Every structure is written in structure tokens, then in C-alpha cells.
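Okay, here we've got a single chain as C-alpha cells, the form predicted on its own, with questions on binding and movement later.
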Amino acid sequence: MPLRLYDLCGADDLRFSPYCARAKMALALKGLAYETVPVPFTGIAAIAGGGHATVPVLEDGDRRVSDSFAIAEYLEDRHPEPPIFAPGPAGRAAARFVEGALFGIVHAAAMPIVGKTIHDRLQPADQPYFRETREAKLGRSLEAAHADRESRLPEARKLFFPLRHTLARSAWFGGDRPLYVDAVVYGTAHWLHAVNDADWFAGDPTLTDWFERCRAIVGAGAPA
């Protein structure tokens, strides 16, 4: 029986979650077959009898694991080969650092730009929840945040400099092969490209090439 991944969806089956994208790449890197179950925001609480506040949720027989990082660790412990973390505690710590940096810096800068676009691409039943929770974090309406998106975009693009700096010297963030740290960054890039038509990489061939290679990995590990 294949693994089952509960995957956030918007209208027209849009799969945009950065965290679900990370889990999919982790599964693909492990070479594991899986199937996805689309879940709207308003359907998360009902997953597996309730008790889950977010997706992704990975179902492996009678075992359920939530949170993308916890899923990656679960897969690493249950299926050690091929490894998706660098050896030792430092490998997981480094991936956790990248995760925190992306969320606290890139996601925070991008949400005012993409928030309204995400809202508009959700199923109608999900829109009130999304608006209420995101406007509370933004401290203003989605429309007000969206109004100055063009002026915010150049500064947001500058936040990708550390990524370019790394990939100029290495094929992957994992070094000579992709690791979960690549999945972490890919999830953020997938999220931005899925919900907004802006050129987030400003045409940078290094970032674009890496992103397309990650997409190929995830595509090759498409659900069974």
C-alpha cells in the first residue's frame, strides 16, 4: 500500500503549499511511491479523525506524521537509504536553520505580495479563514498589502542572494547531490511560482536551472 500524503489545495486543484512541496521532494528523493489526497483549508481538521492543524500529513499504514520537517525525519529514520540529511546531528540542524531563515525572512517579505493572489485562488469556502488569519498577521487588508507589490518585489528578490551565492559554487544546497535542504528551499520557490506570476529569480539562470532540476525530481517521483 503506497504512502498517502494529505496535500493542501486551492481552487482548480491548485497545489501550492511550500510545506507539502517539501514533503513531496523528500518522498521523491527517497524513491518512495505515494498518493496525494487534496485537502482545502477548511478540510484540514477532519483529516484522520481530527487533531491535525496543518498539512502535510503523511499516512503510513496506521501511522500519521504531520509537519514537513517531521515527515522528512520520519522518512530518514524509517528508510535510511539514500540519506536525505548530511551525516550526524549537524545535517538536520543545518536544514532546520535554512527552514527558519526562509520562513522568517523570505516568507515574511513575500506574503504581502502574494497574499491576495493566494486568497483569490482558493475555494470560496476557504477564503474567509485565509483572509482573517493572514490580515491579522499583516496588520492590514490583503488589498492594501497587494497595492504596493510592484515596489516591494525588487527588495524581495534581493533575499535570494544567499541562494545564488551557494549555487554558484555547488550544484545543490546539499553539495554534490540533492538533500532535504534542497527540498526546503524548493518548497518556498514552488510556493512563490505557483501563486504569483512575478519573475522571482529575475531571470537568474543559476536559480532557474536549480529550480527546474528540483521540479524534475518531484515530477519523477509523481504519486503512484
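Just so it is clear, the model here is predicted, and its values are computed rather than measured. Position 1 is the first residue in the sequence shown; the rest follow in order.
Although not depicted, the form predicted together with a further copy of the same chain is the subject of the following passage.
Only one of Val37, Ala194, Leu159, Ala198 lies close to a further copy of the same chain in the predicted complex, with a heavy atom inside 4.5 Å, and it is Leu159. Of the candidate stretches 127 to 135, 113 to 121, 141 to 149, 83 to 91, only 83 to 91 has residues with heavy atoms within 4.5 Å of a further copy of the same chain in the predicted complex. Against a further copy of the same chain in the predicted complex, the set Gly100, Ile105 and His165 is in full contact: each member has a heavy atom within 4.5 Å. Interface membership of His79, defined by any non-hydrogen atom within 4.5 Å of a further copy of the same chain in the predicted complex, is ruled out. Using a 4.5 angstroms threshold between heavy atoms, Leu58 stays clear of a further copy of the same chain in the predicted complex.
In the predicted complex, a further copy of the same chain sits within 4.5 Å of a heavy atom belonging to Gly174. Shown alone here, Leu179 lies within 4.5 Å of a further copy of the same chain in the predicted complex, counting heavy atoms only. For the partner-free chain shown, nothing in 113 to 130 comes within 4.5 angstroms of a further copy of the same chain in the predicted complex, judged by any non-hydrogen atom.
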